[in-house]
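In the block that follows, a single chain appears as structure tokens, in the form predicted on its own.
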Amino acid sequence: MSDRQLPQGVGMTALVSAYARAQESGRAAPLVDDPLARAFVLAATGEPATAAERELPRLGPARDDADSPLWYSLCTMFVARAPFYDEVVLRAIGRGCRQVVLLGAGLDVRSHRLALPADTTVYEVDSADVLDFKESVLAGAGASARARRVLVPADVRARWSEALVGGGLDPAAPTVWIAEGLLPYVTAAEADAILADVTRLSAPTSSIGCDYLNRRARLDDYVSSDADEAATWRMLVTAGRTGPELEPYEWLSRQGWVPRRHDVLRLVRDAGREIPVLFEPARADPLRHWLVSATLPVPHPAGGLAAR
């Protein structure tokens, strides 16, 4: 392993998400093309940059050297949701929004790979360990962002909003909020606090994207005779949290947002990919992964709301 101080907890989720994007980027017709993802994987595993053309080394549940139904399930969800979040950002930018906030930013490099206007500011909220690791890898790769980046070292499960405003966020201007892979790792109380702060700091026409599981993952959702696979799944289930107490469509609606739900499995089918065993819909009480986009409407002069 590298002598870098690797992030813990959700930071590992950020690393395996980058691993999935690195694998996907090597496909002939990738759903997401992230040329920097491999650099994060190599740095995390201590592999030299000269390993760029070889198979990726194993990292937690991620593997590039063998068939793994568990990794295929996770990897497919990671890459299938990425274009959705890209579209949420680009649609907001197209409407004139110039503030992007990545909550639990992890190793997201949308500021580098998306065609963002130069006057866009991308705020990346995550722990100092994650952001330090990310910056060291980006600097080593000589990567240049297309938009202005502001790093906000803060725990999204605690007090982060003051640090974000202190970093320059203008609550009077529209913002697009991205909470990719965040809700399954927070409690109901933490989710409510995050949404309350997001809503308080959002001007009309702001938008948000998030994803969630229909229920908390269980050990019997994935059963394997492979001891390593079984141990990995046990670790992932243990790390999961409840997320919002309400179904996120209602959760967002109650705070004044106008939400729309999207089915990740439909995106997988549309891409011509095999449905992952972990999310097989024919099973009894299947585990489902949903995406939600929402906008904050403009107050109507008569006191109602007018979506825009």
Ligand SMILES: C[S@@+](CC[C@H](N)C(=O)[O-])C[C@H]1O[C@@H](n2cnc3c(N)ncnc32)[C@H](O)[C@@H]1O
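In this text the structure is predicted, and so the values were computed from the model without any measurement. Residue numbers here begin at 1 and follow the sequence given.
This next part talks about the form predicted together with the ligand, which is not shown.
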- Query: Counting only non-hydrogen atoms, which stretch in 220 to 228, 141 to 149, 101 to 109, 69 to 77 is within 4.5 Å of the ligand in the model of the complex?
  - Reply: 101 to 109
- Using a 4.5 Å heavy atom cut-off, state whether Ala193 contacts the ligand in the model of the complex. no
- Query: Taking 4.5 angstroms as the cut-off for heavy atoms, does Glu124 touch the ligand in the model of the complex?
  - Reply: no
- Message: Gly181 versus the ligand, in the model of the complex: is there a non-hydrogen atom within 4.5 Å?
- Response: yes
- Query: Quick one: does Ala154 come within 4.5 Å of the ligand in the model of the complex, counting heavy atoms only?
  - Reply: yes
- Item | Joint contact, Leu36, Leu56 and Arg113 to the ligand in the model of the complex, by non-hydrogen atom at 4.5 Å | no
